[in-house]
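Next up: a single chain in structure tokens, the form predicted on its own.
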Amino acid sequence: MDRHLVARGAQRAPFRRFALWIAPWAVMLVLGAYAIYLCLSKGLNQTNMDNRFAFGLWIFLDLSIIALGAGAFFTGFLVYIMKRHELRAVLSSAVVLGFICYSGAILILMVDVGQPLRAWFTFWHPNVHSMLTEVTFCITCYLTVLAIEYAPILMKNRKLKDIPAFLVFEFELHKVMPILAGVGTFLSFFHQGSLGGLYGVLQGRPFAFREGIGIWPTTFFLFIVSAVAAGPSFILLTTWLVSKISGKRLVTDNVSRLLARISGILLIVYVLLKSVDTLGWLNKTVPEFGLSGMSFFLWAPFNVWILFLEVVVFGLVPALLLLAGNKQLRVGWLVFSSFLVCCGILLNRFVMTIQTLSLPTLPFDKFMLYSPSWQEVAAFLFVVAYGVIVYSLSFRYLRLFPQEAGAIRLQGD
């Protein structure tokens, strides 16, 4: 029965092998669901968050997967608005990844709020002076856009294609895709920026506070540029992983090199802006608070090496490799560079979330390290398992890569 659900022309592993692949992720999902139940039934005392660390592992997860999910809106923007039609080869995969990232972010936010039954308060009683209100509205609206974009992919299932009404609906949806791509780009730009702007306006946290450009702190723009730079790299990395696991060459090298070139150019821009921002913060913003910039890097494990790692090792180095790899390097080096880019975006969100709250801001404050509880870790892994399962099911029963019909088996498979 299972083989009749697989897309026509696609070769998939036997269901028993697929079930073995899903099994450990399902166990992780169940464990995470139990941890979420504890947090919702007993309260946030199940976590190690407190008044000092109101932002913990879950907010780090949200910031990270939303940044990586930027590949969805940016790929749609490049295909429908910029007319880079060669990227259609990864567009469906990008939409699925975006849907997973944004739905996972909203799910963990509901747990983080602690009272999901009151989640509607954000919409009915919005705080119009809060950046989080704008983020909530934009994320919710963009998840709706992603669900609509996911619908025609879902209808490519061989059983659903046999229903004439679904074929008509899919055809009509394709007509509005450019509009949805434009709306998604608008929504994503603003909420990516507002997530960064949230930290940039924290005057009580000099480590995160930044001067403004107009009404926006510089972190508003840095979060946007870093997300769109990491998005293509995440698409390249996940496509390579799926290709290796499935044993199929799902996209051509030209598509991989184009993604690498786009990511490299944007990453160079980000590194330059990040460097200028850091220098301005060290020489102007921090001294105005009566502090020394280097005082923020005296506390282990957040020494100055972490800034070097973010800007140089995970920023400048992969940017140069991605640009050089446009014609010279093998795809394997591009994948490695994309991995470094994704590590860089994770490190940046970690620094903004954890390091910002760890550092003392008053003379009588102490340096504090935050360690998440097992419930927080399990809920984190729940989102990871959820993403792997949803993508695995989508890859098995839908056609995410148009070139797969002519794909060849990789060497040794």
Partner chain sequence: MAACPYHARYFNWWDPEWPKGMEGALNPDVAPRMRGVVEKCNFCFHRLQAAREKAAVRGARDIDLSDYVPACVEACPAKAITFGDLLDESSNVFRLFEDGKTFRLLENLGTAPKVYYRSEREWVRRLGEEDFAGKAERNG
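No experiment lies behind these values; they were computed from the predicted model shown. Residue numbers count along the first chain shown, from 1.
Omitted here: the form predicted in complex with its partner chain. The next part is about that form.
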Since the partner isn't included here, can you check whether its partner chain sits close to all of P301, W305 and I354 in the model of the complex (heavy atom within 4.5 Å for each)? no
Note: exactly one of F99, F221, Y80, F296 sits with a heavy atom within 4.5 Å of its partner chain in the model of the complex, namely F296
Which one of A385, A35, L61, L359 is close to its partner chain in the model of the complex, taking close to mean a heavy atom within 4.5 Å? L359
Might N45 be said to contact its partner chain in the model of the complex, defining contact as any heavy atom within 4.5 Å? yes
Would you check, heavy atoms only and a 4.5 Å threshold, whether L40 touches its partner chain in the model of the complex? yes
In the model of the complex, does R118 come within 4.5 Å of its partner chain, counting heavy atoms only? yes
Is there any non-hydrogen atom of L291 lying within 4.5 Å of its partner chain in the model of the complex? yes
Note: its partner chain not shown here; in the model of the complex, the stretch from 244-252, 82-90, 133-141, 195-203 having heavy atoms within 4.5 Å of it is 195-203
Does anything in 175-197 come within 4.5 Å of its partner chain in the model of the complex by heavy atoms, and if so which residues, in order? none
